[in-house]
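Here you get one chain, nothing else, as structure tokens; it is the form predicted alone.
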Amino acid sequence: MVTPEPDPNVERTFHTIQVKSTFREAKLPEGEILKHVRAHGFCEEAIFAIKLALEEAMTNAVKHGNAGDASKDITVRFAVNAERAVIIVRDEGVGFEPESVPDPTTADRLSLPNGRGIMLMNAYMDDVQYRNNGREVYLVKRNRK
């Protein structure tokens, strides 16, 4: 039986990759996801955006979501077609309220290293949603061939 291609509109069809919550393992899903993005004809600018947003989501999952606990997992689900790429990153942490994260562009926060990941994901992706009390980030990039 041939498995149908994952459909970005139907989450139950998504590819799933589970990794341990370490910075080293957090890089592992990137190659597989970008392979699919390239195969579906996304331009280099979109590929860069997806790579950056995925890096930020995975870093946040390791550092903030799972609080650096390597015994916890990060689950990445994704689907790509010619129109769009959808990536969902889920950690095992307690969650957070995105509205409670301070604006990293204010004068008093410019020199601080935290808070830019959310801003970058919002800037580079077409849709960013936080689900499951902030334990899951849903990222969408449309293909503008």
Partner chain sequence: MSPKDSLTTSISPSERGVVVSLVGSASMDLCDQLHKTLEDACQSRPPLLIIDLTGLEFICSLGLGAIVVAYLRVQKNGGRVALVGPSEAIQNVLTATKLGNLMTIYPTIEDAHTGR
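Numbering follows the first chain given and starts at 1. Not measured: the values here are computed from a predicted model.
Separately, the form predicted in complex with its partner chain exists; it is not shown, and the next lines address it.
Engineer: Which listed residue (A70, V101, M119, C43) meets the criterion of a heavy atom within 4.5 Å of its partner chain in the model of the complex?
Structural biologist: The option sitting close enough to the partner is M119.
Engineer: Heavy atoms within 4.5 Å of its partner chain in the model of the complex: does V94 have any?
Structural biologist: Close contact is absent here: in the model of the complex, V94 is far from its partner chain, nothing within 4.5 Å, heavy atoms only.
Engineer: Considering only heavy atoms, tell me if N81 and its partner chain come within 4.5 Å of each other in the model of the complex.
Structural biologist: Because no heavy atom of N81 falls inside 4.5 Å of its partner chain in the model of the complex, the answer is no.
Engineer: Flag Y130 as yes or no: does it have a non-hydrogen atom within 4.5 angstroms of any non-hydrogen atom of its partner chain in the model of the complex?
Structural biologist: Judged by the heavy-atom cut-off of 4.5 Å, Y130 is well away from its partner chain in the model of the complex.
Engineer: Can you tell me if Y124 lies within 4.5 angstroms of its partner chain in the model of the complex, counting non-hydrogen atoms only?
Structural biologist: Contact with its partner chain, yes.
Engineer: Taking A26, L52 and T59 together, does each of them reach its partner chain in the model of the complex with some heavy atom inside 4.5 Å?
Structural biologist: Spot residues vs its partner chain: full contact, yes.
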